[in-house]
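Taking the form predicted alone, here's one chain by itself in structure tokens.
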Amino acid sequence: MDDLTKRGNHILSVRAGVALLVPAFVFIGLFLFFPFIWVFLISFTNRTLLGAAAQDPEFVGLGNYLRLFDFSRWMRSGEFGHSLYLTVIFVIGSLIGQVTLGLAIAFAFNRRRGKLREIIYTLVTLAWILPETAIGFTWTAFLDGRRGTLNAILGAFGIEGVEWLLEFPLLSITVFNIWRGTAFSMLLFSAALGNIRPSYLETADVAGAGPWQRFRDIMFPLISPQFVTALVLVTLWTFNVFTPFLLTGGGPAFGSDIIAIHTYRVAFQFFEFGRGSAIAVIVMTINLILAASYLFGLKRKEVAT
């Protein structure tokens, strides 16, 4: 094959290769680059859905961005800064919960077989793949303050229930997101742990290493690339997740107004497409920075090895 390549005898000609790639480039252009450019341009206007600005929007320059970063109102409820602050808490809580719980399940059932493992893996995976709408309404019923399942369980133990979605909205959607997304980390770490050579663990057993020592000194260093992958991908997904809207709608009093809900509310409830587009551009920039950092880290590691 190398000799053929050197002589220029490729399986496909350059024209045929380009022709096969054209549909993919068209698809990416229509559904990725064009919407991004359109949103970017709209962010410099005062376009709305209703009123004079809907038909004849005006160019406002950086006006939308300056309004978002107006520090005199930055942390007020319902403003961009407050929404970003809630999102950071939501992402950190979800990240810690999903990665820790997924790693714990994968470690507990590593190289084990049986019905218990299959049941746990099936239930956790179902939480990830079931339709978001059905899951959202199920959790709304579960956390309902009057007839919710959670309060019924607490009441059986003599514990007074609370209005979870009203008194603890951010905590509620964080726990929901952990429950929803743990499957990814579990499956990722399960595959990584399964690829560790048994001889490494057998040697550790002969040396008298306990479970924690084996995990700390052997398992974790070997699965560290998957650990970093889980951190970055879970952060990106959580930063953009919209499902909590089905539980709280961003309320009460903007108590769970994370950035995805805030963007939707500004653009599609207040109909301020210009300001909503500015928020979307900022969010996309943050996502690009996170993704670029991850890819740069992988490239550096490949060069080092």
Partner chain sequence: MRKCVAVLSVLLLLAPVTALFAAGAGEAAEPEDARLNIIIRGVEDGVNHNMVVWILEDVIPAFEERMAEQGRDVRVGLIQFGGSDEALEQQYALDMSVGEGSDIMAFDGFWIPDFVEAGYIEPLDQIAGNAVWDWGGWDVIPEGLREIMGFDGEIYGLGSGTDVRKIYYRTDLFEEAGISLPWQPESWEDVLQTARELQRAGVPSPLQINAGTAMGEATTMQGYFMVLLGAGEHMYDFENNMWYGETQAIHDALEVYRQIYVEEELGNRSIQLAAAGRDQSFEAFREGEIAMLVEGDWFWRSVVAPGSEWEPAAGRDNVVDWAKMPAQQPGAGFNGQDFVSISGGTGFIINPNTSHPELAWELLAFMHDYDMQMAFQDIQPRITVREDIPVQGDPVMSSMAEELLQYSTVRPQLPEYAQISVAAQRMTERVVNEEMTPQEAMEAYAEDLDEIVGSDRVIRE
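Positions refer to the first chain, counted from 1. Because the structure is predicted, anything quoted here is derived from the model rather than measured.
Form predicted together with the partner chain: not shown, discussed below.
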(message) Residue-level question: is A16 within 4.5 Å of the partner chain in the predicted complex, judged on heavy atoms?
(response) yes
(request) Considering only heavy atoms, tell me if R197 and the partner chain come within 4.5 Å of each other in the predicted complex. (result) no
(request) Give a yes or no for S277: in the predicted complex, does one of its heavy atoms lie within 4.5 Å of a heavy atom belonging to the partner chain? (result) no
(request) Would you please decide whether R147 lies within 4.5 angstroms of the partner chain in the predicted complex, comparing each non-hydrogen atom pair? (result) yes
(message) Please tell me whether the candidate spot formed by V26, G78 and T248 is one where all three residues come within 4.5 Å of the partner chain in the predicted complex (heavy atoms).
(response) yes
(request) Could you tell me which one of L166, L101, L84, V232 places a heavy atom within 4.5 Å of the partner chain in the predicted complex? (result) L166
(request) With the partner chain left out of view, choose which of L32, L41, L62, A54 has a non-hydrogen atom within 4.5 angstroms of it in the predicted complex. (result) A54
